[in-house]
Every structure is written in C-alpha cells, then in structure tokens.
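Here's a solo chain for you in structure tokens, the form predicted alone.
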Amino acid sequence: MIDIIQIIIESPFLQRAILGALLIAIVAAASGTFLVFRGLSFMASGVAHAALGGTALGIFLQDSGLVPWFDPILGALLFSVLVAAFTGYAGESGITQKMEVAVGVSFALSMSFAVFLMYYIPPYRVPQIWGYLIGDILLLNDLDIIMLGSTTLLLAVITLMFNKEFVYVSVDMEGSTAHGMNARAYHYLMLIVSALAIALATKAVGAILVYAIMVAPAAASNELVKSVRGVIFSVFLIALIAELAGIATSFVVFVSPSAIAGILAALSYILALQIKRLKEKVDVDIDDPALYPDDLKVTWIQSLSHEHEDEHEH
C-alpha cells in the first residue's frame, strides 16, 4: 500500500488520471442518471462524436489561419452545445423518440463534417481528431483537468439546485408543464450542461467509451436501486471503480485503461440484469402458494369464519 501511494506521489500523470477518473465519475452520476431517466442514453454517444466534428473545425481554423486562436476543444464544446440545443428543440413536446432521431441526425452530420474537413487538414494533425474516438486518461494535462473540473463543478451545483425539477422533467415533461413548472427551461438546462460535461469527458475516455461510462452504470443502477439519490450514488461508485480498475490494470498488462473501464462498466449492466432476474425469481417462488399451504388454509378458514359471523349478525 505504501509503495502504491509513493508511486502516485511521484507520478504527476497518474495523479491527473486519478483526479480525472473522479471527475468523470461525478459527471456520469449527475448527467448519465438523468439521461437514462429521460430515455436519452444515445445522446451521450451523439454528443461525444459531435466533439470530433468540432475538433476538426478547430484544427482547420488554426492551420488555415482564419482563426488561429481557436482551440480544438472550443470547437468540441460548440458542437456539443449545438447537438444538445437541436435535441432539446426536437423534444420540447416531451416525445423521446423525436429526441433520439435528432441525436442520430446530429451524430451523422458531425461525423460527416469531421471527415469532410480531414481532406483540408495536414495529415500529421488528423490523428488528433481520431484521438477523441479512443482517448487515454493517462494523457490528461493540467488544462484538461482544469476545464473538466470547472464543468463538473458547474454540473454538480446545477444538479443539486434543480434535482427535483430534473427528475420531474425526465419522467413526465408534459405533466410538469401542466403543473406550472417551466419545464422547457429545465429541459434545455439539463441537456446543455450535460453536453458540455460529456464533451470534456470525451477527451479523457474517448467518444466510443464515454457511452459505456456515462450510460452503463446508470442503466445498471436503475435496474436495482429504487431511489434517485441511491441511483446517483451507485452510478458514481460503479464509474469510479471501473476507471480506477482500468488505470491499475494498465500498469500490470499492456492495455488501454479506457478500454478496461468501458468493459467493466458494460459488464456492470449485464450483472445488474442477472441480479434483478434472480431477485424476481426468488420473489415469485416466495409468493407461490404451493410453498405455504398451511398458511393459506389458516387464512381460508379465518375468512370463512368472518363470513359466517357476518351472516349471523344479519
């Protein structure tokens, strides 16, 4: 244990990776939970892939000299917000299917735009775009941590402030509007802040794996935990354990920590389904009358005696 602590202290990149894992777990708990409640699990993948289009735009504007100060991460954030706004506009009526279609269209448009710009970007910078697909939590720099930390803090504060409103909007948007709540504003706020956090998390775990980290723990927790607070807390634990396990495994085996984290997160959902199925089977067995005929017999006799007493009184 002492050796592990010493390695962490002597390795700034490992410190950033652990801090990044903690921040991404908070993002998954605060954002992924409500996206699953809302039926928008695909949005995490859509926003993450939209970041590729934004990154390609940022690199193009830099190398072409049109806007040399435009950082690729700004493009990623811009595209993520546009996807969230477009998705929110499509879902103002509260119909989840329309929002899923909007996410799919945004996904296709962003990826097509990224591929289009690759023909006008120097070849040596193209890997920077594809790097958003894979990601590596061990390569986070100080700026990544600062930006991810700031967005995570903003997301956490907003989620704590409007926790009940987000739950109402996620479960029944039309009902929330009917009760006088400004559901439209909370609807956009939830989507846009989540999109910003997802875009920055993509830099750490990659566009492909951010879907597993953001959605699988929330889906697993939603299968087993009943309360909203319980779901949020369990999502945080599952995401954090998966990411830390990925980092630890990468020091033992030559493998991507993000890949291990994504696999473990996905397995948590499969495990949750199996646990839920076993619990339902046990409940059915317990409720089976064949297991306690004597209790049924007593109940039946008591009901007959009550009926006889009622008839006698009449």
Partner chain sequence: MAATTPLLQVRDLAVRYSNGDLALHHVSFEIKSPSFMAIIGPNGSGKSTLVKTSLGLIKPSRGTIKVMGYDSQKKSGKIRKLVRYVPQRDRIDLAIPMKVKDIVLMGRLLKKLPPRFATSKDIAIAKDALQQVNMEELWERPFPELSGGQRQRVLVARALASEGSILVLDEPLAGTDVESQNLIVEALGRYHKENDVSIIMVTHDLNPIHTLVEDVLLLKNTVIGLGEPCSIMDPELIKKVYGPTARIVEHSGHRYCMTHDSGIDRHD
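As the structure is a computational prediction, the values presented were derived from the model and not from experiment. Positions refer to the first chain, counted from 1.
Omitted from view is the form predicted together with the partner chain, to which the following refers.
Highlighted residues 37, 165 and 228: every one comes within 4.5 Å of the partner chain in the model of the complex, counting any heavy atom. Here the chain stands by itself, but in the model of the complex one stretch of 126-134, 69-77, 105-113, 168-176, 168-176, has heavy atoms within 4.5 Å of the partner chain. Just one of 151, 234, 159, 222 comes within 4.5 Å of the partner chain in the model of the complex, counting any heavy atom, and that one is 222.
This chain is drawn without the partner chain; in the model of the complex, the residue among 85, 181, 147, 185 with a heavy atom within 4.5 Å of it is 181.
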